[in-house]
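Only one chain is given next, in structure tokens, and it is the form predicted alone.
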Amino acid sequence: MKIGIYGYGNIGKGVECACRQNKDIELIGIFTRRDKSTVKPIFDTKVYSASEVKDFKDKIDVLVVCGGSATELPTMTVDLARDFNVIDTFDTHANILEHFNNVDKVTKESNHIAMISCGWDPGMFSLNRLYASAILPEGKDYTFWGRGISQGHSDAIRRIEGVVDAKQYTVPIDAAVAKVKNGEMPELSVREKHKRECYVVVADGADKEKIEKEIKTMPHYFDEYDTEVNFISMEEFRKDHMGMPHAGFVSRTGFTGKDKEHKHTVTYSLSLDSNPEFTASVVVAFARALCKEKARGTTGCLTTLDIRPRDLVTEDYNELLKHMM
């Protein structure tokens, strides 16, 4: 399987590492919108200008589109899907259906295949929500993220005029988590489940009050949450906020029995040292499955909900029956 990386931020670097761990993958190159002479790969991967990507139309099986969900992926994935099979990590939950429809239209017209919103949430958590709701049709779902760095939210802050760098921590509210883990099945608003902590470095003379207001009122990212904005120096940022950890769990509590007398809870949890590297590893596994699906003649847009689990791995099906069942 021949992979290309379009965009070399944290996810792009994670994909480069993940490709090295999968023997069936050949990494063709990194395509950057920056001056390619300034891009230093982790390994000996070749670097090309983004303007050269179309020269590789017949040399790449899946192009991994590594951009921000706030402003980049809605156009980048659509544009690149005209010439490539693509996969992205779009994670603005409220806009997934719109993004799916846009990518689906283009890929069906161009006879390509795509996958959007691949990662751990959306992605792996989406699968577990589906499985649990199918098994326990009478119940409630709960998703908690953190404490950890949200790449999408951090990227959204960095795109605000006057912001030099930023990290956003998603923080679950302990009281809400306790109720869910106790099986109380509470009704919780998004504000009652999480808060958001932002650590922001701004340019000299930047209007901090304006930046803080723009962060707190940003739709789909911060407007529905209690958000704390901390302006700090670059020295403090580099000292305390250079890691990329994350965590979270998705849980469903439901009932079975004649009178719903038996309560069950299904939980899937993650604890990650590196959010982007884990996300990239999910992407590479699903890129493999996407290639298999394309070989069957499938076109259009897919998500993790569409993929056969056996397509994620290289092992023979008989081996899966022996060791995975």
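Predicted, not measured: the structure shown is a model, and the values here were computed from it. Numbering starts at 1 and runs along the sequence shown.
Below, we turn to the form predicted together with a further copy of the same chain, even though it does not appear here.
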query	finding
Listed range touching a further copy of the same chain, judged in the predicted bound form by heavy atoms within 4.5 Å, from 220 to 228, 146 to 154, 132 to 140, 160 to 168	132 to 140
Candidate from 185, 76, 188, 124 lying within 4.5 Å of a further copy of the same chain in the predicted bound form - any heavy atom	124
All of 42, 265 and 268 within 4.5 Å of a further copy of the same chain in the predicted bound form, heavy atom check	yes
Any non-hydrogen atom of residue 97 within 4.5 angstroms of a further copy of the same chain in the predicted bound form	yes
Contact label in the predicted bound form: residue 105 to a further copy of the same chain, heavy atom within 4.5 Å	no
Contact of residue 272 with a further copy of the same chain in the predicted bound form (heavy atom, 4.5 Å)	yes
4.5 Å heavy atom contact, residue 291 to a further copy of the same chain in the predicted bound form	no
Heavy atom within 4.5 Å of a further copy of the same chain in the predicted bound form - qualifying residues of 290 to 325	293, 302, 303, 304, 305, 306, 307, 308, 309, 310, 312, 313, 317, 318, 320, 321, 322, 324, 325
